[in-house]
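One chain comes next, on its own, written as structure tokens: the form predicted on its own.
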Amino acid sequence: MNNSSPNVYRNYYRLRTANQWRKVQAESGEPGAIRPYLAGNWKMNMTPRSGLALAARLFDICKGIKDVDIGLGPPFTGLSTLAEYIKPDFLKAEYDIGRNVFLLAQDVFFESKGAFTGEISAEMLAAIGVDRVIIGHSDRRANLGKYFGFGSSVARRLSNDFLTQSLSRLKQKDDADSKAIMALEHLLAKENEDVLAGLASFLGGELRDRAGESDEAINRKVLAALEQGLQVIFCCGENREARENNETFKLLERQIRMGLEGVPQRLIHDVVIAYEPLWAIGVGAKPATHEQISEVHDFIRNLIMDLHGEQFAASIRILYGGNVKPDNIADIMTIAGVDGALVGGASLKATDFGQIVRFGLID
């Protein structure tokens, strides 16, 4: 195996001295050493066949790589096919890869069964060979409303015609709420046309941007996955508004405390945290700086230390996600609090993701 570049550790211990975290290089396979985790989230891309071809090309590039964990997260339709391909014995014989390749699901539902059309339970995922599940991804926390029509639906209900019909129906009821009638009459008054239009625009935009999975729903998913033996990649991160208003740490603390509430101590070691700043994700987005990533990872790790003690905080893996590329992964991995990456677009190209997995290695 080729040596890694100076100051870029592929296996390490983490120590805390003078209230600061730092990495100390370890040899691959040393007891207690932390292995970086590079996880590819394919999102809604790849058919089962094309996903299989991508995995094969990736493994060719990463032959013999055993000192990091590799996660592949295809859509639900590709999970079974990929599970059959990444059997440890086959990977060992074909690519000289150890038991360090893991199958990820991109989401899970919190109920075990029932009338929940379109949802997938943790038990179903475990049954087809899924190892880990991504929960609370920014796509689901923040973007659902943009696609599912929550904002436009509210805006339509604040139109003059809709409110006029609603007021008429309300007045016909014997037990009608007088305050509701007064409110509707006020909004429908001629002099309040601009107020009604502004309210519709404001609420429509707010719900479109904010409607997504709640902290409570994410917490239920985390508990359901862990109870079925699945490890969890728990995602958290702030939007642009929180960042600009200096509310990053407040938001992250709420997400982590609520999202991991009630996780039994015996299962907390099965949680990996991924920090995703929403403002640094997507085409054209400006990546977070080295300093921004470092301060947030330190905050998260110190919060985990308050919740579960210093020993666990030193070993829990906290990934970074947000425009991770082959040309910035080595720099990101020099940060003391970073233990890998949750990779989006770059994981769809075998050469790019292969270079990310091989970070720091001298060819």
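The first residue of the sequence shown is number 1, and the count goes up from there. On a predicted model such as this, the values are computed, not experimentally measured, just so you know.
Not pictured, yet referred to below: the form predicted in complex with a small molecule.
Of the heavy atoms in Lys66, none are within 4.5 Å of the small molecule in the predicted complex. Within this chain, Gly337 is remote from the site of the small molecule in the predicted complex, having no heavy atom within 4.5 Å. Although the partner is absent here, Gly282 sits close enough that one of its heavy atoms falls within 4.5 Å of the small molecule in the predicted complex. Interface membership of Lys43, defined by any non-hydrogen atom within 4.5 Å of the small molecule in the predicted complex, is confirmed. Of the candidate stretches 51-59, 25-33, 295-303, 315-323, only 315-323 has residues with heavy atoms within 4.5 Å of the small molecule in the predicted complex.
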